[in-house]
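Before any questions on binding or motion, here is one chain by itself as structure tokens, the form predicted alone.
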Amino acid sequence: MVFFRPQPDWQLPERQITSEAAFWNRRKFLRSVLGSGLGLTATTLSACQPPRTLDPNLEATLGQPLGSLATDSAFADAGRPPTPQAYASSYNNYYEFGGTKRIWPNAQALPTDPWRLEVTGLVKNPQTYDLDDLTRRFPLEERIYRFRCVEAWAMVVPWIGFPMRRILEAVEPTAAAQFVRFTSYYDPQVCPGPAYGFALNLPWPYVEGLTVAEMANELAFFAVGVYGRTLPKQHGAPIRMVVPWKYGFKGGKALVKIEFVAQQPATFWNTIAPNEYGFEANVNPAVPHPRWSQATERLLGESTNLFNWETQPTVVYNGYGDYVAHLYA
């Protein structure tokens, strides 16, 4: 059964989504979810346009059948030039698999089945979720969020998943739990890391952290899908963090452990360069990165190249202040 609810203020209109491979067969994923008996909260599906031609190499690279894709009429105009499918599918940060944006071939080595996500620490009901649990235990919904990288580029992404608070409610943190540590998959035999000098001293595995209050916020989200299909490996399959009011590096990928703790955890980039990557890392145009301004952001789109990016002003909390500003009063 599908349950519909009024669209909340944080939900961006579908026309603003960064186009990616004709929304990567969004309908096929949603139909498969419904066919599995999942409760799904999602926007209404609209009529299709004719299928687009795909890069013949993309299907083999992603390791997933793409089939004959169709485009929602609602996604035909994103309000700016759409991101080409091959570009959007391969412009990713994932330092476990390399230090460039072109890590998607390397990321296909990520083993995702079987998978175990352990939730532990200062909780009353510790849990371990397998791959099926991540898509069947909690009702899934689609959320269209702005995404802002600390490197000052931005896009709009349609995630499929469930609010973080669902897991928080399931495990019941104790009163002593003030922070949450999120640990990503790491195996040195699988993850080569960046190919430059300091790579040997990086504090693997990749760890990120939130306060319990941030995890409980309405916007905090665990994604198991994107662009209408299961999460590709370069996006952090099978489950990743999405916290849209923070810079993208706060979104840990391929999570294997969530731990509720009393003290602020040491996190990956904050450990490497605390003067450049704060623990809080909220989007803020008034606080520059030591090596560049955060006052504007470059938009990924059809005209995107290294020398000619469309820009727009950065908005504090990435535009989600009404939902999260009270956390930092």
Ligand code: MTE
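Predicted model only: the values in this text are computed from it and were never measured. Don't overthink the numbering: it's just position in the shown sequence, from 1.
Another form exists, predicted together with the named molecule; not displayed. Remarks below refer to it.
Trainee: With the named molecule left out here, work out from 127 to 135, 235 to 243, 164 to 172, 216 to 224 which stretch has heavy atoms within 4.5 Å of it in the predicted bound form.
Mentor: In short, 235 to 243.
Trainee: Do residue 120 and the named molecule come within 4.5 Å of each other in the predicted bound form, heavy atoms counted?
Mentor: So residue 120 does not count as contacting the named molecule.
Trainee: Answer with yes or no whether residue 94 is in contact with the named molecule in the predicted bound form, where contact means some heavy atom within 4.5 Å.
Mentor: Taking the distances in the predicted bound form, the answer for residue 94 is yes, it comes within 4.5 Å of the named molecule.
Trainee: So in the predicted bound form, does any heavy atom of residue 202 sit within 4.5 Å of the named molecule?
Mentor: Output for residue 202 is no: heavy atoms all beyond 4.5 Å of the named molecule.
Trainee: Would residue 193 sit within 4.5 Å of the named molecule in the predicted bound form, counting heavy atoms only?
Mentor: Answer no; every heavy atom of residue 193 is more than 4.5 Å from the named molecule in the predicted bound form.
Trainee: Please tell me which of 145, 179, 206, 104 lies within 4.5 Å of the named molecule in the predicted bound form, judged by heavy atoms.
Mentor: The option sitting close enough to the partner is 206.
Trainee: Though the partner is not shown here, which residues of 247 to 266 have a heavy atom within 4.5 Å of the named molecule in the predicted bound form?
Mentor: 248, 249, 251, 252, 253 sit within 4.5 Å of the partner.
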